[in-house]
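Form predicted alone, single chain, as structure tokens, below.
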Amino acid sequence: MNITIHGVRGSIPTTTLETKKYGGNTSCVEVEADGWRLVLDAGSGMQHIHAGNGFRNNRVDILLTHLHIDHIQGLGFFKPLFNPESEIHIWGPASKTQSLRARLGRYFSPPLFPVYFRNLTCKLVLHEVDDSSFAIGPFHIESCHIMHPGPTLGFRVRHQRGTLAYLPDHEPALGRDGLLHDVKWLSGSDLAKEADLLLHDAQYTPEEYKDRVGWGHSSLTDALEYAALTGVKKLLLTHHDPLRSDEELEKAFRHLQETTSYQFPYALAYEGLAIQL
């Protein structure tokens, strides 16, 4: 299972020289195995996915954790959507008020975007998922609602070669007593449990988080403790604050290393990072 990171910033893309090292695009991760391709979230990093043919049935499956703009803004610039030979499956969180097509249709329409859903020439299939379990080719996918404003899913992607847990927008410490240590009640813990790799939200420093409780994101320290509680084998910290320069990001990470001690490896996610499980 080959994993490529295409976007690591939260909330809004950044394009300054100060964010070049780790990347300024919003959330997007590509997963490939046995001729099948998954795209986890459709942030601005999606524009860097090579859209050539060669995958089984020219099919791409896009799994959306939620529909905030930083996680769908790359959809309109994904070339296979405009290729009649492509088969695109979009999996997204179900809602009690509107269909997935209706909610995504608000993006695929003026004034937000000049192209309507009806203008897309690919074979398009939309799937609404909840706390679900389903298969896509060689992948077994589990989805579960997690702590973040609006219907938001985390994903567990299992292949015979390894397991990836993906929770890029997640606030597991939200509550009266902060991060729960009883894993049974910990948001998304079944998705992350003993995963070979966890990509997890780490937008804030602990000091910043005190003033941003309820905003839907995690601190660096909470992300590490979450990974420890769920027994993951490796952690990548992602959804970096768009206002934080690479230098500031590394300073916060060094402080994290100096003030914590965990047995598993962890690192800052960056654009272009390729991992093989």
Partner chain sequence: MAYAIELILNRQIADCLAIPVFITDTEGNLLFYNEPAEEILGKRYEDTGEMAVDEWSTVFKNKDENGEVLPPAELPLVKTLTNQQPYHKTFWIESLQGRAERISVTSYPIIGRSGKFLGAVAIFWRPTEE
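Residue numbers count along the first chain shown, from 1. None of these values were measured; they are calculated from a predicted model.
The protein also exists as the form predicted together with its partner chain; that form is not presented, and the subsequent description refers to it.
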Item to check | Contact residue in the predicted bound form, chosen from Leu100, Leu81, Ile90, Leu174 - any heavy atom within 4.5 Å of its partner chain | outcome: Leu174
Item to check | in the predicted bound form, the residue from Leu104, Cys122, Met147, Leu75 that sits within 4.5 Å of its partner chain by heavy atoms | outcome: Met147
Checklist entry - Counting only heavy atoms and a 4.5 Å cutoff, which of 176 to 184, 104 to 112, 198 to 206, 158 to 166 contacts its partner chain in the predicted bound form? => result 176 to 184
Next on the checklist: Can you confirm whether Lys96, Pro151 and Asp190, the three residues that make up this candidate site, all sit within 4.5 Å of its partner chain in the predicted bound form, judged by heavy atoms?
Outcome noted: yes
Item to check | its partner chain contact at Asp130 in the predicted bound form, heavy atom, 4.5 Å | outcome: yes
